[in-house]
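What follows is one chain in structure tokens, specifically the form predicted on its own.
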Amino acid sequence: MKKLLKKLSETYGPSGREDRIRDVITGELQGFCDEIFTDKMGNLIAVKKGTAAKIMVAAHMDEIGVIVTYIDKKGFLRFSNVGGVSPYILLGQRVRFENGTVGTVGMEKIKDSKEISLEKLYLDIGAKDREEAERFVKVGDIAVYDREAVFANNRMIGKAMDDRCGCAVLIRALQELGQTDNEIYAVFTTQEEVGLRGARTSSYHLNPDIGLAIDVTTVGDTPKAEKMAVALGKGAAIKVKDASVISHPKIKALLTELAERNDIPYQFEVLTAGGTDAGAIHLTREGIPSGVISVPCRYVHTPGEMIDLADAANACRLLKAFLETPHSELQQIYSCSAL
């Protein structure tokens, strides 16, 4: 998990530009699936064929970034956000474009720190004028945080743990999956950070019986953090609710039962803001029962996101247990009862 997660974290792949990270994930899945294909939205879909419940598991492979909107005559780049980027966190950070060009984020002179905004920031790639800058970067190019993933005891710090950690959990679950009659669609989705777009189209196409998202979630275990009953090192988080979905009660109950049955540490997650791919999946067609397994993460949407490797491993164990669940148990979740 450590080697895989480091590779995924450090790979370039902002929303709408997921080609490079998709190629890396495809390489990890070779030989472990019956079919692998990419759809029109760029989602990577890996299939393990079966005859029982049709389960879609989504982990988004995109990351947040910044997009160039203008290059001035002195070669400085103005930009906008791709996803949830904070100007307070961006200031002074180093970013990297797909072609390897590196820049640092600077700021105009301001009188009050409250004035910090994306409009007050700019990117400096070391160009002496517009003509030189345009040899390396064009309007519309996207950059992401330039940060190496490092280990701190049993924890990992790096960019894009949201949601390369979920991708790593899903990849490892597919590689280690035991006997199951269920048909598994592992979907590594695009453009989650800008509106759950890849999950929306892929779930419509696949029309699964059950949907499950694998993502990270915020925590309440740092100094003076917002009160939240999720902490690093205390196990996989079973989502109850976020701003995009109320988890199907039977999926929440089954995940809880599986965790207890298999001695998997777990905690319940109630997220008051934000969402996951499950928000799009559960509203597809006439509705798809959906839930979420989350990996607790500190400092989400920063270049120093931190996860506990044991939490990721336990999320993987819980996901495998869910995918291996007999059809008779899963059918109770998605079967409609006649009145």
Partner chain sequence: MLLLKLSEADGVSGNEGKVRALLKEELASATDDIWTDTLGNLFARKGKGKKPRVMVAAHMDEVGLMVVGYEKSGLLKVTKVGSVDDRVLVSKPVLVGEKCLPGVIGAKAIHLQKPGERRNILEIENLYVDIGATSKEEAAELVNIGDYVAFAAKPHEIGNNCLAGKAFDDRAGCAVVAELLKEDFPLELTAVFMVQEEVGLRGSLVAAHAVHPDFALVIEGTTANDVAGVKDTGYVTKLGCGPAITIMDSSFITQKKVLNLLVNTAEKHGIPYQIRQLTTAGTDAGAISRAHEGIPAAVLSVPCRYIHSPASIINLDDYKNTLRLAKAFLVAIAEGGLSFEETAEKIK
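None of these values were measured; they are calculated from a predicted model. Residue numbers count along the first chain shown, from 1.
Omitted here: the form predicted together with its partner chain. The next part is about that form.
- In the predicted complex, its partner chain sits within 4.5 Å of a heavy atom belonging to S80.
- Contact check for G140: a non-hydrogen atom falls within 4.5 Å of its partner chain in the predicted complex.
- Its partner chain is not drawn, but in the predicted complex it has a heavy atom within 4.5 Å of R17.
- Within 4.5 Å of any heavy atom of its partner chain in the predicted complex lies no heavy atom of F136.
- The listed set A186, L206, L212, A173 contains one residue whose heavy atoms approach its partner chain in the predicted complex to within 4.5 Å, identified as L206.
- Only one of R147, K234, R96, R200 lies close to its partner chain in the predicted complex, with a heavy atom inside 4.5 Å, and it is R200.
- Taken together, E257, I264 and V300 are entirely out of contact with its partner chain in the predicted complex: none brings a heavy atom within 4.5 Å.
- Contact with its partner chain, judged by heavy atoms within 4.5 Å in the predicted complex, is confined among 304-312, 22-30, 39-47, 291-299 to 39-47.
- Along 51-75, these residues reach a heavy atom to within 4.5 Å of its partner chain in the predicted complex: I67, T69, Y70.
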